[in-house]
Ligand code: TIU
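The chain below stands alone and is given in structure tokens; this is the form predicted on its own.
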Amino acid sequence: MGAQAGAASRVLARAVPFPYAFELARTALVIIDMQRDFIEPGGFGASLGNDVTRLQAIVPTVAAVLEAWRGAGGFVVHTREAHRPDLSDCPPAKRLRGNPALRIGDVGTMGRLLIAGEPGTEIVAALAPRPGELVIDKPGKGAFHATPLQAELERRGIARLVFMGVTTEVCVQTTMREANDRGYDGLLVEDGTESYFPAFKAATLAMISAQGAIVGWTARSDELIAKLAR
């Protein structure tokens, strides 16, 4: 599915490990799980004992890229990790893992954690989806697993994916690997993603672009925004 550089291509010359070219009409911006349950106090991320302010800090950058992408007329996908109320799509191996203060489906300050339709699954207000943008509720870490994402991308002729969101080493990296296996050329916006653990983010960025973009590319938001403004 990899799009070739051509007359309509925009090239991120400073992308790692080498320049990344994309045609806006055949590229989607995929924003992973920027939802209240991971980013705000009282959500699932906080119930695991994490410092959610690390994730809150990238919201302005994600918003700036999103605004530029919308302004250029690009297609946007938002994902949310969200399970059915009866938890039939949440295997015990996932729900019972570890020793969190609250588990998936338990009641927190923003409703039941990671349950579709609850306040905590809503995307933060600064990044709220607009009409015409695709919103995918996913039961797993990857956005392709048990969702209509691939069919929706194919229907629109999408060949390349630009990623932002949280967390870098879990849902973002998993989705990028899923995309790579399906033939999509993916790029991760380095300052538009974050982890609760700085070392995990750094390691993931290195793994993605290693060995000639074995998973994909990475680039800074300022270069992407500059290319969208042309």
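If you're wondering where the values come from, they're calculated on a predicted model, not measured in any experiment. Sequential numbering from 1, following the sequence displayed.
Beyond what is shown, the protein has a form predicted together with this ligand; the following relates to that form.
K.L.:
Would all three of 44, 48 and 196 be in contact with this ligand in the predicted complex, where contact means some heavy atom lies within 4.5 Å?
P.N.:
Result yes, every residue of the spot touches this ligand.
K.L.:
Heavy atoms within 4.5 Å of this ligand in the predicted complex: which of the stretches 33-41, 201-209, 183-191, 60-68 has them?
P.N.:
Going by heavy atoms within 4.5 Å, the stretch is 33-41.
K.L.:
Just to be sure I understand the contacts: of 95, 156, 141, 84, which is the one whose heavy atoms reach within 4.5 angstroms of this ligand in the predicted complex?
P.N.:
None of the other options qualify; the answer is 141.
K.L.:
With a cut-off of 4.5 Å between heavy atoms, is residue 164 one of the residues that contacts this ligand in the predicted complex?
P.N.:
Output for residue 164 is no: heavy atoms all beyond 4.5 Å of this ligand.
K.L.:
Using a 4.5 Å heavy atom cut-off, state whether residue 52 contacts this ligand in the predicted complex.
P.N.:
So residue 52 does not count as contacting this ligand.
K.L.:
Heavy atom to heavy atom, is residue 171 within 4.5 Å of this ligand in the predicted complex?
P.N.:
It does: once this ligand is placed as it appears in the predicted complex, residue 171 has a heavy atom within 4.5 Å of it.
K.L.:
For the stretch 150-164, which residues lie within 4.5 Å of this ligand in the predicted complex by non-hydrogen atom distance?
P.N.:
Going through 150-164 in order - heavy atoms within 4.5 Å of this ligand in the predicted complex - there are no hits.
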